[in-house]
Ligand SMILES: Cc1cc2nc3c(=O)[nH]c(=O)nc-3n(C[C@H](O)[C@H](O)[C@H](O)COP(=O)(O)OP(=O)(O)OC[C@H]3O[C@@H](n4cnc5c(N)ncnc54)[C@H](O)[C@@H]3O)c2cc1C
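Take a look at this single chain in structure tokens; it is the form predicted alone.
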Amino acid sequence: MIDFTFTEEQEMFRKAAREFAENQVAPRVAEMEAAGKVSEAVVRALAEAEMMALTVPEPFGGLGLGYTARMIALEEISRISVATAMMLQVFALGIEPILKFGSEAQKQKYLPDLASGKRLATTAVTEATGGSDPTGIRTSYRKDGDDYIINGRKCFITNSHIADTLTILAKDENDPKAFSAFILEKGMPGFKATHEENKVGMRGCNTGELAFEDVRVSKEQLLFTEGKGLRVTMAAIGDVGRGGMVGCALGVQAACLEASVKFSRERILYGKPISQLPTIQSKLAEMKIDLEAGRLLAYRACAIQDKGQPSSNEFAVAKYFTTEAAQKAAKMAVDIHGGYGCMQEYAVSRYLRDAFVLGPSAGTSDIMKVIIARWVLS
């Protein structure tokens, strides 16, 4: 028998996450959108609410609640601000390589401060020459005694200018088929955050470029095994990165549906609420169907992940479906609002912009179909 219900503890956590988003995030959405970055007050609130500790095991200062709890948190937070959820999801993506591949010493050094929110994290893989194909990256490293020297640039990195701890991917300059993953820290000589992007959507979180010029790191900063970095980073992106985007997409869908229901009940046309019009009801029904289907895909993948089983294929399916559905829901929400949907006073215009940023993040829809096709053909 398959149980499709949440436990009492999970339902309580969902309620707490929703209250957190409405009380701590909602009042600062406009401020973050205008500033183009997450509010420091929101970051402190996330830390105090232990939202950064969800997947970190208890021995390292975390809550050890697992990935289902993380999905719940991301869905509820992105219902209010997908940009804030994006910041939190990439934070988790940044620490996942340490969780899964870090040495005991690395876990002891980094995880407690990350779980408490004293330090913020990100991961840096994408470059102008390597996004969907990470083997195309040019950031390189060379051995110098027991140290490594890293040179290169990364782009489209969420949390680029606020992260204290970064997990990055680089290739061996003497062997273009060998990739390694490293832990870098803010303030290392030669490492700096440079250009900040001016995004169409998800404006309430920072995205930018990183530069590495002869950055020297010790062998203690190497993650897992030299030359096996693709396994480290792609495992994190496949399960945690795409899973995070699914949570963000679900929240956008829920927000679009709620806003559309409210507006359609209040908007009077031809002497009655437009919620009584068949065309409007059809759109609301489609939005609800997609949301419920997306949740089934999402939480099924999380259940597999929480059992410690491979879940990247299931998350590829969920990522494709939910991000496409989020864009569809946002477009229908704007349609339902008519001219009001084009005004920034109405949140659906933001949902539309945010939804279209979800598509390419952690792998485009076309790449998801490539992954899914390989799964089917295997």
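Because the structure is a prediction, the values reported are computed rather than measured. Position 1 is the first residue in the sequence shown; the rest follow in order.
Heads up, the form predicted together with this ligand isn't pictured, but that's what we're talking about next.
Colleague: Let me know the one among 256, 90, 301, 74 whose heavy atoms come within 4.5 Å of this ligand in the predicted bound form, would you?
Modeller: Exactly one residue meets the criterion: 90.
Colleague: Ok, 180, 221, 122, 305: which has a heavy atom sitting within 4.5 Å of this ligand in the predicted bound form?
Modeller: For this set of options, the contacting one is 122.
Colleague: Can residue 139 be called a contact residue for this ligand in the predicted bound form at 4.5 Å between heavy atoms?
Modeller: Taking the distances in the predicted bound form, the answer for residue 139 is no, it never comes within 4.5 Å of this ligand.
Colleague: Is there any non-hydrogen atom of residue 131 lying within 4.5 Å of this ligand in the predicted bound form?
Modeller: Yes.
Colleague: Indicate whether this ligand has at least one heavy atom within 4.5 Å of a heavy atom of residue 86 in the predicted bound form.
Modeller: It does: once this ligand is placed as it appears in the predicted bound form, residue 86 has a heavy atom within 4.5 Å of it.
Colleague: Even though this ligand is not shown here, does residue 199 get within 4.5 Å of it in the predicted bound form, heavy atoms only?
Modeller: Flag for residue 199 set to yes.
Colleague: Please pick out the stretch from 170-178, 152-160, 112-120, 223-231 that is in contact with this ligand in the predicted bound form, where contact means heavy atoms within 4.5 Å.
Modeller: Selected range: 152-160.
Colleague: Assess the spot marked by 280, 323 and 333: is this ligand within 4.5 Å of a heavy atom from every one of these residues in the predicted bound form?
Modeller: Spot residues vs this ligand: no contact at all.
Colleague: In the predicted bound form, which residues of 347-374 put a heavy atom within 4.5 Å of this ligand?
Modeller: Residues within 4.5 Å: 357, 360, 361, 362, 363, 364, 366, 367, 370.
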